[in-house]
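A lone chain, given as structure tokens: the form predicted on its own.
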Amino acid sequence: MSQVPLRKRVRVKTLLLVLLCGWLLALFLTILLPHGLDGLSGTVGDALLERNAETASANAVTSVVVSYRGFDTLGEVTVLFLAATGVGMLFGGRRQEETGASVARRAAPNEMMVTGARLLFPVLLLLGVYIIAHGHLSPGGGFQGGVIIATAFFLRLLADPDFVLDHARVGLLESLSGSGFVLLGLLGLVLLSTGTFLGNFLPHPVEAMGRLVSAGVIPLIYVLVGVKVGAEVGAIFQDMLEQE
């Protein structure tokens, strides 16, 4: 049995913090669990579902994220851009020296891993593109598809030492997609027909709901978001690998 006194083995501050977090959790559960048990009530979500036909999008979540909640989506994209920029600045100090050392350490990869990664790479890319292109029809969209595309590149980077992302091209893709996203948002804001940021100013008849080419400008927004997210997350993976 340990001879260390109990007061030294158990930190009082840590114990008090755990007890406080447990009490707050119990308090929140006590407040939240009874909520809604007395019957359904009208909410903002109900109102948005009733107006979903305005966007001609078969996925109501897409209508909220890319249309009614456009400024929040702009904020999310901005946060991801700042995160990618921060990681690049953090790991970019000795990139050239560290890149050479990293490649040298991974110079003899497992052949099965390399082959498997090369086979999975186009499949993951196709899946990411599919999720982006069908974001207005089914669950998914630019953020999810972009992360899947970035994961495909990350898997290839881990398994194949000869595969390296070009930072200049990745930065160009990120800049063009981000600029296009903001441009579409401003067009919706200045046009009299919409007058809102990310307003759906392209034709979007309700009769076309459920088709691949439908929902007006929403698929274009998701394509730009997917490219931007994929480029930024892929750049984060590349920066981390170079500082391995």
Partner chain sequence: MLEFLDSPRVLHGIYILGSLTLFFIGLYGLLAKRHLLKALIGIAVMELSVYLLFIALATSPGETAPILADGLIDFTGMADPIPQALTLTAIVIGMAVLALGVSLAIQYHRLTGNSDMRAMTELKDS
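Note that the structure is a prediction, hence the values are computed from the model and not measured. Between two forms, the rigid core is defined as the largest C-alpha subset superposing within 1.5 Å. Numbering follows the first chain given and starts at 1.
Another form, the form predicted together with the partner chain, is not on view; read the next lines as being about it.
> Can you work out whether L137 and the partner chain are in contact in the model of the complex, taking contact to mean some heavy atom pair no more than 4.5 Å apart?
Heavy-atom contact with the partner chain at 4.5 Å: present for L137.
> Using a 4.5 angstroms cut-off on non-hydrogen atoms, would L90 count as touching the partner chain in the model of the complex?
Yes, L90 sits close enough to the partner chain in the model of the complex that at least one of its heavy atoms falls within 4.5 Å.
> So, in the model of the complex, is S214 in contact with the partner chain at a 4.5 angstroms heavy atom limit?
Contact with the partner chain, no.
> Find out whether any non-hydrogen atom of I31 is located within 4.5 angstroms of the partner chain in the model of the complex, and reply yes or no.
Heavy-atom contact with the partner chain at 4.5 Å: absent for I31.
> Choose one stretch from 80 to 88, 111 to 119, 159 to 167, 124 to 132: the one whose residues place a heavy atom within 4.5 angstroms of the partner chain in the model of the complex.
Residues of 80 to 88 come within 4.5 Å of the partner.
> Out of 219 to 235, which residues reach within 4.5 Å of the partner chain in the model of the complex, heavy atoms considered?
Those in contact are Y222, V233.
> With both forms fitted on the core, give yes or no for whether the Cα of L17 moves by 2 angstroms or more between the shown form and the other one.
Yes: L17 shifts by at least 2 Å between the shown form and the other one.
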